[in-house]
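Below sits a lone chain in structure tokens, taken as the form predicted alone.
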């Protein structure tokens, strides 16, 4: 049986150094490879001019520099771009490039799982079968490939694509740590956001480990009696425990926590819901809301009108006394907006 080649992407500097020792090479070469992969974005060993030629030849025998193959690539009128990446066994995941109009903020929304372990009613990804967790290098390769194809560098990374990041905790945190590393992307911790639908044990693990990255909770329903109707995670980890975890996050880490909220008319936008959200905000303290118009059409649900959104935002600001931002729906027409990642589309690269 053919021996599987070593995959350097997703490895720490120490892991790379240990591998090089097995080849009789000095440990400091691990840092050089790490820098080459992520700081300089080299794709072939010939490009690693920071390494001597004999070592490049040796590495080409032992280490395969493989990219995730790109499936389809779609471009929206607003500049949003959606990508599908092909994995082994016919599996696929998606990532989205989201530039802000003024060009100051360029975000890549990346996936952490193939499909999802949860079943949020409004989310198209939830309709796909769960087919496994992504490895660290597969998470990072989404960023490498998107930046290469669009010809630009991201200012922000959000783990809000396909999957529940806290159900792939180890690989997600390794990827985030490399994105943050000064010899890789060197992104500030506040420019990397980890999101969860409410996996409470994962939140406590996050706090225990004092992870430095931004953190967001997809709340979507503040009524404990009906949250399970749209968020099945609530059946296992109830809203009261979720809010307790959010309180602990703010109290022990001293940072702002973000509540993501998909606005669904007739489901979670009433005055009662606004008052419950205000109560949660006062309880948690240092928090903010990112509200998002519904982008899917399951169960006969419809997207809120601009007037409805404006009214909801105004009332929520008044009730909560915390920042409320309408994230809108960049990339909606190409299926790249929040809740729409379902491997649908055609090649438009």
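Computed from a predicted model, the values in this text were never measured in an experiment. Positions refer to the first chain, counted from 1.
Heads up, the form predicted in complex with ligand SAH isn't pictured, but that's what we're talking about next.
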Counting only non-hydrogen atoms, choose the one of 36-44, 314-322, 62-70, 289-297 that falls within 4.5 Å of ligand SAH in the predicted bound form. 289-297
Does any part of residue 213 reach within 4.5 Å of ligand SAH in the predicted bound form? Heavy atoms only, please. no
Verify the contact flag for residue 222: yes if a non-hydrogen atom of it lies within 4.5 Å of a non-hydrogen atom of ligand SAH in the predicted bound form, no if not. no
Since only the chain is shown here, I'm wondering whether residue 96 would be in contact with ligand SAH in the predicted bound form (any heavy atom pair within 4.5 Å). no
Going by a heavy atom distance of 4.5 Å, is residue 159 a contact of ligand SAH in the predicted bound form? yes
Partner-free chain; cross-checking ligand SAH in the predicted bound form, the single residue of 185, 122, 206, 137 with a heavy atom within 4.5 Å is 122
Taking ligand SAH in the predicted bound form as the reference, which of 260, 232, 244, 92 has a non-hydrogen atom within 4.5 Å? 260
In sequence order, which positions of 187-204 have a non-hydrogen atom within 4.5 Å of ligand SAH in the predicted bound form? 195, 196, 197
